[in-house]
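Presented as structure tokens, the chain that follows is alone, the form predicted alone.
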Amino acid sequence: MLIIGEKLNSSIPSVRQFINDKNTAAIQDLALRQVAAGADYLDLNTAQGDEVVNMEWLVTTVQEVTDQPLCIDSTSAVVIKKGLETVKGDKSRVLVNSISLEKNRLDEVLPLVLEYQCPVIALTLDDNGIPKTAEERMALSERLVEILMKQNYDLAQLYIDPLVLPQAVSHNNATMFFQCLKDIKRLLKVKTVSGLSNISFNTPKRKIVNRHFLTLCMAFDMDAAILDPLDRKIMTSVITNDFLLGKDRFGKKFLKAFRGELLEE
């Protein structure tokens, strides 16, 4: 399971304050702690504030202390472009979050993905919004794959996010998402990804809901998750699930985590 650390996001009030104050030490500490906890990518989102200026500063600040790959997270092509231009080193390692079938993202963000040939998260979303059925989301997934194939994009770098909606809104939302994960793997044979927080919106004990949702997603072979790597219980779930699903050969990672006292019941 690929872990995309979610903590450097301006939607979090404390992080927004760190960014606004240009608190280098606090941002770098958050970056390093996520890497130490097992984050494969660090998601950077500056949507709350002067997005372009803050993205440039955030990329530079994080890269001063770690060369861990970054995930540039924005709906704006201008912000993604600034993030990519600012990144030092191999820009093809950057994960772009995200493209969709919305016209502005296809016209403005997709060319950046193709220029740098970097991995990308693609949302099952178009100008009509998020489809209400698994079948409609699959249709959008197929269109996204067709568009990328025509551009000779390496589909091994594509992560489709079928966009889970809160379980509190409809008791079918989780099972619909699981069906999408299953169908994308079976029919399109590309990677899948999800954030975890949407599923538990407006429910009590959200962290419990998120952990169990993650376990089921991993059982449906989801490849990546945007989550809080500083949450030891959810990271314990990731490590244990990989072990149980046969993705941790001889349980080496599980035993290493045990010896390092990283597993939390």
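Keep in mind it's a predicted model, so treat the numbers as computed, not measured. A residue's number is simply how far along the shown sequence it sits, counting from 1.
What comes next is about the form predicted together with a small molecule, which does not appear here.
- Remark: of stretches 193 to 201, 235 to 243, 211 to 219, 59 to 67, the one touching the small molecule in the predicted complex is 193 to 201 (heavy atom within 4.5 Å).
- Contact check for Ala224: every heavy atom lies farther than 4.5 Å from the small molecule in the predicted complex.
- Among heavy atoms of Leu123, some come within 4.5 Å of the small molecule in the predicted complex.
- Heavy atoms of Lys207 reach within 4.5 Å of the small molecule in the predicted complex, making it an interface residue.
- In the predicted complex, at least one heavy atom of Asn97 sits within 4.5 Å of a heavy atom of the small molecule.
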